[in-house]
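Presented below, as structure tokens, is a lone chain in the form predicted alone.
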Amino acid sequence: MNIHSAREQNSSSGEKDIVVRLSDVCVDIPLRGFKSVNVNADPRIRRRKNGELVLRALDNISLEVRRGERIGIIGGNGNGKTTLLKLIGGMLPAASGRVEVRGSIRALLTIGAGTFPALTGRQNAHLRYSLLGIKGMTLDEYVDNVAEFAALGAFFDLPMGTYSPGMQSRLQFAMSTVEPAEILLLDEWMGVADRNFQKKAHERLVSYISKNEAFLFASHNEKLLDQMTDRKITLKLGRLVEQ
């Protein structure tokens, strides 16, 4: 099947409400350097015709996300939650199937994603402003917002490589939750932040989510999912087993 990404309007009123559509999508992760792996050890490990081993991280996933939906993604470690978010966010290609994403995306998936350890927090904020195409505020307003919320003090002007994981998460979260997008993707990486910042981030996140048109959240915390989402999907071994 052809792989297709679409960011377009559709004349049908029902179609216009769909911001993400996945149709029979598979994602394969190459297992380079594992020639002797037993393909029977895990049903997701497959050998291609050329002998290459791959892990089928997502297997024939079909999913529609409509404008206004808040979706929680459930599943144990290694079952495909983060892979699904990365697929929707354009960070992983599909091996087969059809991927349609209509709208701008904000992704909070990995602490260090899109940041450079050699640059200071302020320099990273300048770069992120350009990468996100922020339009609702000036560069100075954006940087001031990030600096105030991240509360890194003098570290804001030191290289990010000197930051602890918690400080990195503060900066990453602050940079990514200033101006809303149409689709927000969130993975549960905020656990590395200290407790006080988690409370502060939760309050900001609740407000931020309400400004995004669609929200997908992968988490093990069912209480948090109950609070922040209105529909749940479950992944098991890369397959969608429950909606």
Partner chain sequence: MNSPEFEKNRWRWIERSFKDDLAALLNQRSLAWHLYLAQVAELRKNSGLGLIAPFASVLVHVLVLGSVMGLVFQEPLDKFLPYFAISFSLWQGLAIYVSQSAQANEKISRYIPFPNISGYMVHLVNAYEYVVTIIMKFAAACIIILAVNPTVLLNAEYMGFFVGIVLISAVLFCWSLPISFFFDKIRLLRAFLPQFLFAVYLLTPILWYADRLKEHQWVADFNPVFHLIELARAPIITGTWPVASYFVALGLIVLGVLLSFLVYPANRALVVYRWVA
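Numbering follows the first chain given and starts at 1. Superpose the two forms; the largest set of C-alphas matching within 1.5 Å is the rigid core. The model shown is predicted, which means the values in this text are computed figures rather than measured ones.
Same protein, other form: the form predicted in complex with its partner chain, not shown, and the subject of what follows.
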- Check whether residue 24 has any heavy atom within 4.5 Å of a heavy atom of its partner chain in the predicted complex, and answer yes or no. no
- Task: Using a 4.5 Å heavy atom cut-off, state whether residue 101 contacts its partner chain in the predicted complex.
- Result: yes
- Contact flag, residue 87 vs its partner chain in the predicted complex, heavy atom cut 4.5 Å: yes
- Message: Considering non-hydrogen atoms and a 4.5 Å limit, does its partner chain approach residue 93 in the predicted complex?
- Response: yes
- Going by heavy atoms within 4.5 Å, which of 143 to 151, 165 to 173, 71 to 79, 120 to 128 lines up against its partner chain in the predicted complex? 120 to 128
- Query: With the partner absent here, would 137, 155 and 206 each sit within 4.5 Å of its partner chain in the predicted complex, counting heavy atoms only?
  - Reply: no
- Note on the structure: Assert contact residue (its partner chain, in the predicted complex, non-hydrogen atom within 4.5 Å, options 199, 47, 32, 211) equals 32
- Task: For the stretch 149 to 169, return the residues whose heavy atoms include at least one within 4.5 Å of its partner chain in the predicted complex, in the order they occur.
- Result: none
- Does residue 168 count as moved between this form and the one not shown, where moved means a C-alpha shift of 2 angstroms or more after fitting the rigid core? yes
- Rigid core superposed: residue 124 CA moves 2 Å or more between this form and the one not shown: yes
